[in-house]
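The chain that follows stands alone, in the form predicted alone, written as structure tokens.
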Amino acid sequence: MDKIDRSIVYLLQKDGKITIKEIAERLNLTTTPIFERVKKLEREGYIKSYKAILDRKKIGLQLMVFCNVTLNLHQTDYLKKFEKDIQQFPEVVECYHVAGMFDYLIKIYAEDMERYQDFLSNKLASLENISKVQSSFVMTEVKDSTYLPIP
């Protein structure tokens, strides 16, 4: 990625609906090279997708929870099974295999504590090989960003 590509990606991260024409105007270029560069960035995987970011509270998801999960067994098959199984739950919006005191960090949205308890008791607890689950409830979102710093 050169300087122009970085500028394009910067503008698209700030506003995914910005037009090719608007990008070209801001970078003092014509639309054709901007269009070609955007298509190349998409083709090469720098730009993965374009999405609408919803306000979770407005759609009724009042509770955000970070859940630390520890597994009993750590052989590859058990890890892969957990990773496959966790994806079936729409409440889980992010899942990371991490190093440290636990094996996975998952981010969960729920309507309220009752719905989270239902998720925990009837969904997460139904998965095999879970040894320990520790939940942390978000009190305040200090920073919530999808923007990536571009080196």
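For every residue, the number given is its place in the sequence shown, counted from 1. None of the values given here were measured: they were computed from a predicted structure.
Just so you know, the form predicted in complex with a further copy of the same chain exists too; it's not on screen, but the next bit is about it.
Interface membership of P33, defined by any non-hydrogen atom within 4.5 Å of a further copy of the same chain in the predicted complex, is ruled out. In the predicted complex, at least one heavy atom of H97 sits within 4.5 Å of a heavy atom of a further copy of the same chain.
The shortest heavy atom separation between S131 and a further copy of the same chain in the predicted complex exceeds 4.5 Å. In the predicted complex, M113 stays away from a further copy of the same chain, with no heavy atom inside 4.5 Å. Shown here without a further copy of the same chain, the chain has Q134, S135, S136, F137, V138, M139, T140, E141, V142, K143, D144, S145, T146, Y147, L148, P149, I150, P151 in 124-151 lying with a heavy atom within 4.5 Å of that partner in the predicted complex.
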